[in-house]
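Only one chain is given next, in structure tokens, and it is the form predicted alone.
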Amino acid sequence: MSEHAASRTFYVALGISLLVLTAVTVFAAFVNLGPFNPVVALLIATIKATLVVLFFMHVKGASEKMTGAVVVSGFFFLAILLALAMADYLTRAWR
């Protein structure tokens, strides 16, 4: 298993950027953007999740093919769950 050579300052800067993005999320919750409130919240959450997956879970820079397979399978099952949820949502009789 290869060790990643990321410095402590990199992880501190990454942690601070995640805290800043959390503050931006809280700030965006108090701003009335109409129907775009969930879009902005999900966009910020996606950026934070991407940073966590790439750097804290060491997906970026991983040379093993198994890591890529796990990431791809995770997105595949997420797509299945979202498709099933949307199928349920779209077939309900709304009154």
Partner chain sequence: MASAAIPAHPATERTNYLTNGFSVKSWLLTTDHKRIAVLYLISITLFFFLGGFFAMLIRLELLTPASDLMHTDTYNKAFTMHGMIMVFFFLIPVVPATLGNFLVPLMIGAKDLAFPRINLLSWYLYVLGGILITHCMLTGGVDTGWTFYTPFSTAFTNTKIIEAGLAAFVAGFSSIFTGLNFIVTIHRMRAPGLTWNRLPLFIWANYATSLIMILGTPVVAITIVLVAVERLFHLGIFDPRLGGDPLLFQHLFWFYSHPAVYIMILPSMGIISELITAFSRKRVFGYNFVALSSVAIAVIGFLVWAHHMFVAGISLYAAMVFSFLTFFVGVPSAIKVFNWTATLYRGSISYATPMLYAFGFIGLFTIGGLTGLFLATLGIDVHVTDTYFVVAHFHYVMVGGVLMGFLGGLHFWWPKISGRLYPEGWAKLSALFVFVGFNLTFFPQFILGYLGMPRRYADYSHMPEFQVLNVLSTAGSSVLAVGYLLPMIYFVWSLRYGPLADANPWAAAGLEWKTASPPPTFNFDETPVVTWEAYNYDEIELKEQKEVAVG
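Numbering follows the first chain given and starts at 1. These figures come from a predicted structure and were not determined experimentally.
Only in words, not in the display: the form predicted together with the partner chain, which the text now covers.
Asker: Met66 versus the partner chain, in the predicted bound form: is there a non-hydrogen atom within 4.5 Å?
Answerer: Result yes; Met66 sits at the interface with the partner chain in the predicted bound form.
Asker: Is there a heavy atom of Gly74 no more than 4.5 Å from a heavy atom of the partner chain in the predicted bound form?
Answerer: Residue-level check for Gly74: yes, a contact with the partner chain.
Asker: Decide whether Ala87 counts as a contact residue for the partner chain in the predicted bound form under a heavy atom distance cut-off of 4.5 Å.
Answerer: Yes, Ala87 sits close enough to the partner chain in the predicted bound form that at least one of its heavy atoms falls within 4.5 Å.
Asker: Should Ala13 be classed as touching the partner chain in the predicted bound form when contacts are defined as heavy atoms within 4.5 Å?
Answerer: No, Ala13 sits far enough from the partner chain in the predicted bound form that none of its heavy atoms falls within 4.5 Å.
Asker: Only one of 38-46, 22-30, 53-61, 66-74 has heavy atoms within 4.5 Å of the partner chain in the predicted bound form; I'd like to know which.
Answerer: Single hit among the candidates: 66-74.
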